[in-house]
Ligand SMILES: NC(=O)c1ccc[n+]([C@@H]2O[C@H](COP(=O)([O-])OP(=O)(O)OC[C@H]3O[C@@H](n4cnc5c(N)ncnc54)[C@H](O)[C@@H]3O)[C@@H](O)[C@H]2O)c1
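Have a look below at one chain only, the form predicted on its own, in structure tokens format.
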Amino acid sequence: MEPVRLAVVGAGLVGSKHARLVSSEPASSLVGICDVDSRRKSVAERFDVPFYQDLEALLAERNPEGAIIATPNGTHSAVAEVCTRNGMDMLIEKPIANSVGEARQIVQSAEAAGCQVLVGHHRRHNPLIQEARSIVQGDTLGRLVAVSITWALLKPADWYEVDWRCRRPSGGPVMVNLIHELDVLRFICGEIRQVYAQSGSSARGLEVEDSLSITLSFDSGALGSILASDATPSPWSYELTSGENPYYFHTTENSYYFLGTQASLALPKMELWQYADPARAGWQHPLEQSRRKVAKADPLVLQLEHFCRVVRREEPPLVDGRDGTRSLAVALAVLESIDRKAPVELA
């Protein structure tokens, strides 16, 4: 089977990573890179493909079958409009847009044109997350009572030298990082009904938050909490504990905890805690620990392979535009709750 011809739109940090994956994976072929910044031509030269500053020209001359959109969040809608006008399937980096209105416009345009949209919530492709979902939604834990996440690390000093990272709506850990946690929680635990969040910015004094406390209520009745900061030396975050991204220092701690009526699960060690004898349950009885083994795999590679199958119409998107819009809505509700100093209900 011939590799799927793909173009990458946006050649920054994330787009360059996509270009490397597309050019190295047998299932795909990189046919061109587009970026409005002429300095990004060096990325195209690195992978020996044509460079364009005009997306229409790239689509017309290189005839890709799909496009990976890795431009700034606020431009996703305009780029997607060009792609749908040319009948192009899209992998759009998370978040799908900066606003629910823009996200809906992407979805409606794509559906009208018969184009598939896959949103880049890549963690859903990780076997670790998929196994956790199977456990939580199965009968091992019993009824899910609560989930707790600690996401704490220290971003390097030069991270916030980039202006957009210091400002809303795109900057700050909610839209850059915690949208991953919120999407994973939706995937594993079901829909989120309400959020109540508080934030602080005393560590850096920027417009965007550096620390947060988020309380969640799920449709199932379960409760959740996320304690987050990107301004503290800490070993407790998904990036550091999962080993998913080799760029991060790897620690051997847990950062996710799922609490059920019959057992509890800690990630990423996949530790299950339950009573050896269900008839002898209670704090005076010993708990038994076991571990689920999960094969490691790069979720970005799995996402790319999946996108190729989506383009070939072999399977539907794991995270389609409507699903990605719901995760965006939860993240925006967190920011709204911070501003209003009140809980926010999600439709």
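Note that this is a predicted model, so its numbers are computed, not measured. Residue indices: 1-based, along the sequence shown.
One more form of this protein should be noted, the form predicted together with the named molecule, which is absent from this view; the next part is about it.
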Query - Answer option from 322, 292, 40, 62, heavy atom within 4.5 Å of the named molecule in the predicted bound form - result: 40
Report task. Find the only residue in 224, 268, 120, 173 having a heavy atom within 4.5 Å of the named molecule in the predicted bound form. Result -> 120
Query - residue 165 within 4.5 Å of the named molecule in the predicted bound form, heavy atoms - result: yes
Query - 4.5 angstroms heavy atom contact with the named molecule in the predicted bound form for residue 75 - result: yes
Query raised in the report: in the predicted bound form, does residue 36 have a heavy atom within 4.5 Å of the named molecule?
Result: yes
Requested in this report: Consider residue 93 of the chain shown here, and say whether it contacts the named molecule in the predicted bound form, taking contact as heavy atoms within 4.5 Å.
Outcome: yes
Query raised in the report: Counting only non-hydrogen atoms, which stretch in 108 to 116, 127 to 135, 207 to 215, 94 to 102 is within 4.5 Å of the named molecule in the predicted bound form?
Result: 94 to 102
Report summary line: Checked 1 to 35 against the named molecule in the predicted bound form; residues with a heavy atom within 4.5 Å, sequence order, are 9, 10, 11, 12, 13, 14, 15, 34, 35
